[in-house]
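A lone chain, given as structure tokens: the form predicted on its own.
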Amino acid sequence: MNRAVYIETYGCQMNVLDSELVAGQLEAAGYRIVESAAVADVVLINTCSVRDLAEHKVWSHLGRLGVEKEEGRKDLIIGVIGCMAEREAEAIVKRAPQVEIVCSPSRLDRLPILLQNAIENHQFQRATAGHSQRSGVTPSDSADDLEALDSARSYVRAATSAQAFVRVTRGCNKLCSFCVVPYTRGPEVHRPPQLIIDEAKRLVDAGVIEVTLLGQTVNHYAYRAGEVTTSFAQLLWRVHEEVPGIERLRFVTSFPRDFDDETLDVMARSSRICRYLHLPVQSGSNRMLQLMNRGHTIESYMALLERARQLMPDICFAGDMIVGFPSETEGDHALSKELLRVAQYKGCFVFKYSPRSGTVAHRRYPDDVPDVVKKERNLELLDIQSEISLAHNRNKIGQAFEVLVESQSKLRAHGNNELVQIDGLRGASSRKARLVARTRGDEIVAFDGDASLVGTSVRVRGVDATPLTILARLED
């Protein structure tokens, strides 16, 4: 059809992967993927519902597109996909009549036919699963429907990057009281291990050297075939052993309650599995954790970190924290500050509590912590983590270590008067640029080097540090 499609992505790595898979299936159907909404015939917004701010950004974006369509771009097709499409489908219909397609995460395999119908019939198209309409979560999707999107992946697109995500599970069964994910992505559906391994092999054949296994609670993976169940640790080991072309193997995001020693053992004895764990804790207070329905205690969480450090002294951790959850006291907040100091994350994401309609917390607990208090507590945790991150990054000064070069920074290389633009990945330029890379511990590194190094592994030496970045120089 040769129509131009622009995809705007908000939210987590799962949304990033969904956008890539959608782009691949639309290209296979004859559409062109473009890098600007201004030149697109179709604009798809892949949305996030985890926080109120993310939804506000989408509403604003839809408003701007609506004005453009009204003032001259009459034939523009606007679609909303992702978590807001499931959670806010009715609101989108009422508030944004310019939207012609609404498609939830578990229905993305149907997007090409929805788009075709919207173009040919000029009628509103909707494909949602109904998770958000239920007080509980019940399976409503077949594994075959969900597998279709992943199995149809475009390996031509994968060849433009050295890194790739591979989904191992969709949805979530945890029902943390603050979280909308079970209601927007549905219950857990685990992919067959052989399909995951085959996908990883094809990515390696396309030139990928780093693979990240994805799941909302990735370590809860458990694929049952008859009387045999493949655990996450077994899957991780199989991918490592059966796809030796993967130079770096990662996985996110892990759920602390279900993280077993078998997985730690696999990590410790597998040289190509990155020494990094993202383990959201959400609060340093056991009382808060119970209200959040997290299923772990601070004691069990810290014991997990300690076991991991004993097996892998060089491991890096990242965490998540929520401030201002209903009824959070100064005492609860003090416990969160203390946890940061003890956990010593390389980085931690800190968020103000945002009530999400339909969640248990929204139904049961009044949002009684004033916003000004949330902001103060948010800044306090960020300040503490900034000090910890700076000290962590300074430990790399003087050390030589390997990094995977991910991209070219928007900043110029020192002493370079021209910013090099990379068109494609390898062999794009022989000009000096400021490069952004990542260690096996997920630390961000910036250094000056040839732009053609993007997508390759190199050795650098740390020379300086900020809370967010290790500054380095390329080793001779």
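Remember, predicted model here, so these are calculated numbers, not experimental data. Heads up: residue numbers just count along the shown sequence, starting at 1.
Keep in mind the form predicted together with a small molecule is missing from the figure; the text below concerns it.
Annotated contacts: Gln216, Gln282 and Asp320 all touch the small molecule in the model of the complex [non-hydrogen atom within 4.5 angstroms]. Proximity of Phe165 to the small molecule in the model of the complex falls outside the 4.5 Å heavy atom cutoff. Within this chain, Ile298 is remote from the site of the small molecule in the model of the complex, having no heavy atom within 4.5 Å. Remark: Cys179 counts among the residues lining the small molecule in the model of the complex, judged by a heavy atom distance of 4.5 Å or less. When the small molecule is considered in the model of the complex, Ser354 lines it closely, a heavy atom lying within 4.5 Å.
Residues with any non-hydrogen atom within 4.5 angstroms of the small molecule in the model of the complex fall in just one of 62 to 70, 436 to 444, 45 to 53, 23 to 31: 45 to 53. Only one of the listed residues (Gln344, Ser154, Ser231, Thr253) places a non-hydrogen atom within 4.5 angstroms of the small molecule in the model of the complex, and that residue is Thr253.
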